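Read the single chain below, which is given as structure tokens and is the form predicted alone.
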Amino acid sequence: MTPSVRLQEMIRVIRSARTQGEERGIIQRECADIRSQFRQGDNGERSHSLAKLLYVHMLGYPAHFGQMECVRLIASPRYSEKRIGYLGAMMLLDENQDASLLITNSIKNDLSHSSQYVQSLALCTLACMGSAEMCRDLAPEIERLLRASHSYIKKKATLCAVHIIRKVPELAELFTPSARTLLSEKNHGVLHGAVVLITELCERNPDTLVQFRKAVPELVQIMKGLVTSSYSPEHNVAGISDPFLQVRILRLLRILGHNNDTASDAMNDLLAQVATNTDSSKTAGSAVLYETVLTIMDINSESGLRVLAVNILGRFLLNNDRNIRYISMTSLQKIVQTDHNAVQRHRGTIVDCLKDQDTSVKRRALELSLALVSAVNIRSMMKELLIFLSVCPPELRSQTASGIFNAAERYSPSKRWHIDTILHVLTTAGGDVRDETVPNLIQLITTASELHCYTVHKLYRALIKDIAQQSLVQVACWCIGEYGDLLLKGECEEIEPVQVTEDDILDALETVLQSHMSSPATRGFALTATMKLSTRITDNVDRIRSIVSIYGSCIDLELQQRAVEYNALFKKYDHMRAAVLERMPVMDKNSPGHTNGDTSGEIKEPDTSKPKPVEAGLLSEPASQVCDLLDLLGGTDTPLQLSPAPTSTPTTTSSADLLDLLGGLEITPVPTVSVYEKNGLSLKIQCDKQTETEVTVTLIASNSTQNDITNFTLQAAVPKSVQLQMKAPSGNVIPAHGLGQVTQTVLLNNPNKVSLKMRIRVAYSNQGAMHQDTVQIDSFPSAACQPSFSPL
């Protein structure tokens, strides 16, 4: 058999391998030699063979066959073999393997060994891979070693006790008395381990936390000694005396002083001393100062001390190290709500961090800048944020735009400023804004009636300049459709007016409709705006009709449906087009359809103190005839509310077919009363009282003639104190020979319980002739709910 090569020689040969295959061949030969050495028994070469196997393991090759050899070497009386055996156990074994249980007895024996170096091997192994069973068995031995005379053993026993507490928390009480006495040690290693052990105990047991709060003065004295001590080469790091121990003590003080005034008062002077005397030019000093800041912010510290902590973080923002700037802004983000004024002093430095090259630093600076926006600095901060929006990375644009919108909504000094800010964002990053931005801006514009002329002029200029930003184009199309007449007048005090012709406006909207950059939603806005302009301009109605008709065969179904409906409005319902395309009323954010997904808002009742425009899209007569219905109650003092009937898709249903579905059920019919009989048209009414103040009225129309009745519509008016809501009718065509009916439901709410009156206007077309009649219902008896009526 060839003699085994030494470890250094094996490493040299493996490193000289030119290919991975050559390396695997060398490893296989060496592993075969190692197995042979293990099988030969005690020949003095086992420790060298295991050392080579550990190097093979470090290279990622299998080394599990050396586990039992580790157990044998640990049991060896030779220190050199024990050292390699324990090292192998820490690398090749873990707590989940059965072989780890075989070394428990060896570790227990070595913990009582006369040599402190053998004891340290056993302590390191137990702290590294000790299982819960091993920790339970060996915990008394560790507690005994905490009282050993050698500081070398105490240090390792302390760290081993930390591992035991993490594995078996119920053993924490065993180490509490010893941990308290370790604070009197002078050795920094033992003291460091003691602070770590006490921190672990306090985090896991509230009772222990109360007990160790009595040690705060002692910890303060230790910390003061470190801060004021003279230069010590053994513990000095970049001019800071043992910064590792200082950081550990500060963390422990933070835990002990949390929500405790007595402990916090005892450490306030110390924290002020550390914050003022520690040099922050070195990384070690910055680490100590950072832990000091965290401790100040977490305990019940004085206000002056908190301001000092914020100033330290402000100095960190000027550091050349990006990591320090990042953690500084992270800490400021946590305290900006509680110490807003103190953080505001460093607003300029924080804004400068928006120009940093590192994206993570920019993100933190953006979050902190948005948190610093207030009513006082809204203009200056928004200017900086808008500049940042124009140059920020693409991954930050959406967050920046959302933050600007939220800040502008909360702190905007005026509506004009608010509109200008949002338009600036849409111009810069319109593709990165949220979906609800468009309806929110439209709602804002509708409420600012004095700015309609200014807004439509500004949006028109933005539209003809760039149509790539879809959100901006949608808002611009909506405003042009609503306020195009103001644009044509060319009179605007807030902005330099521009002379715009009807052809210019239509050319701009046609450009949007035909652009490949326009989304289907944007084309829908543009088509609707074009249609609305048909009532706001005079010379180009035929051109609008031509534009709309083109999209009647559009491949996009939404756009096609709009075009078909608008064409029908031109052809069949031209008399009501002006009323249908009136300006939209002021929209409320809490109104239905404008909740942006938030259904918690209250729905406001309509203001009945002011006259409101009638939604003529629901009427069958020109808007000028709306007041005629109200005038019919000449001798009535109580004013009426007019409620037009909503439109619906014409459908004809048969009540008989629906009743047939109920089979043999016995249904109590609701009484019906005829209120209108003329020209073959019969109108009946059903009344159902829902509550003390609410009544549901169903109007049923049937046709006994030989021809279908078309364009059938109903209008209703009630006294002003009564709230009326008309549901959509089941259709507008009544089949001949009584083969079908058209029904419409009316909801009445009578909170004042006044005498109910209703006036109904019936309009329909029969054989090409238009008919219109009015019926007045004078009373609604509360008992039988059967009305009395008189035709007018």
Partner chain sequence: MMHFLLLFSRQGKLRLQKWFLPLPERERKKIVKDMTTMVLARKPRTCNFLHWKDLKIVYKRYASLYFCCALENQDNELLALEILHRYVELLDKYFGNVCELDIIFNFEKAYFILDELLMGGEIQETSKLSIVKSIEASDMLQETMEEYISKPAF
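If you're wondering where the values come from, they're calculated on a predicted model, not measured in any experiment. Residue numbers count along the first chain shown, from 1.
The form predicted in complex with the partner chain is left out here; the points below concern that form.
- For the candidate set Ser449, Thr276, Thr501, Ser360, a heavy atom within 4.5 Å of the partner chain in the predicted bound form is found for exactly one residue, namely Ser360.
- With the partner omitted from this view, the residue of Lys572, Arg78, Arg379, His340 that lies near the partner chain in the predicted bound form is Arg78 [heavy atom within 4.5 Å].
- Proximity of Ala127 to the partner chain in the predicted bound form falls within the 4.5 Å heavy atom cutoff.
- Within 4.5 Å of some heavy atom of the partner chain in the predicted bound form lies at least one heavy atom of Tyr290.
- By the criterion of a heavy atom within 4.5 Å, His57 is counted among the residues contacting the partner chain in the predicted bound form.
- Of the heavy atoms in Phe244, some are within 4.5 Å of the partner chain in the predicted bound form.
- Site residues Asp688, Lys727 and Arg761 are none of them in contact with the partner chain in the predicted bound form, judged by any heavy atom within 4.5 Å.
- Here the chain stands alone, but in the predicted bound form its contact with the partner chain, taken as any heavy atom within 4.5 Å, falls in 116-124 among 535-543, 215-223, 677-685, 116-124.
- Residues of 74-98 that come within 4.5 Å of the partner chain in the predicted bound form, judged by any heavy atom, are Pro77, Arg78, Tyr79, Ser80, Arg83, Ile84, Leu87, Met90, Met91, Asp94, Glu95 in sequence order.
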